[in-house]
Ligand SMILES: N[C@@H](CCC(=O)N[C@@H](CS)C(=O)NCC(=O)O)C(=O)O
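Given as structure tokens, the chain that follows is alone and in the form predicted on its own.
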């Protein structure tokens, strides 16, 4: 398999999962501006959407969208505990978390990197994101991870929270999230993935 990624982008989440499970995967870096891979391939031929992640399977087929790629990798390794069994009530809770991270956190935090974002737009997003993070703290409660143990949702949530520094979004209002980010960031799989992407 090949995992197409941009350093520090949402593709970091499946990269973490690949390292967590020791899944045999080739990493292929994509240039954001040119849409060329480090192998000289036009990335749009792999994923016409133009963004990462994309996971090219051994049969040549391609999966995109972080939520899907994460669940696919977890299901390749059912004994890893990274996702509850398909069809179980716990799996739907995982999907609820993945959806929340994707639609409410990823999209809002990611908007800070849009060069066309105006001060008014940033102010509105900051207020909305603040409300979502208030909810996130309540959802997490006193748990170490979003569910009962580290899952693909934690890899995704860590990745999005990791953007806060670069986006100049202050997380100190939410000490629970600061502690969560630090805790997840210390996992060997997270450290390895971040080193491989040049983030440490």
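Please read these numbers as outputs of a predicted model, since none were measured by experiment. Residue numbers count along the first chain shown, from 1.
Keep in mind the form predicted together with the ligand is missing from the figure; the text below concerns it.
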So, residue 173 and the ligand: in the predicted bound form, are they within 4.5 Å at any heavy atom pair? no
Using a 4.5 angstroms cut-off on non-hydrogen atoms, would residue 51 count as touching the ligand in the predicted bound form? yes
So in the predicted bound form, is the ligand close enough to residue 10 to count as touching (4.5 Å, heavy atoms)? yes
Whether residue 136 contacts the ligand in the predicted bound form should be assessed with a 4.5 Å heavy atom distance threshold; does it? no
Option touching the ligand, based on a heavy atom within 4.5 Å in the predicted bound form, out of 166, 132, 143, 32: 32
Please state whether every one of the three residues 102, 107 and 156 places a non-hydrogen atom within 4.5 angstroms of the ligand in the predicted bound form. yes
Determine the residues of 60-96 with a heavy atom within 4.5 Å of the ligand in the predicted bound form and present them in sequence order; the list may be empty. 65, 66
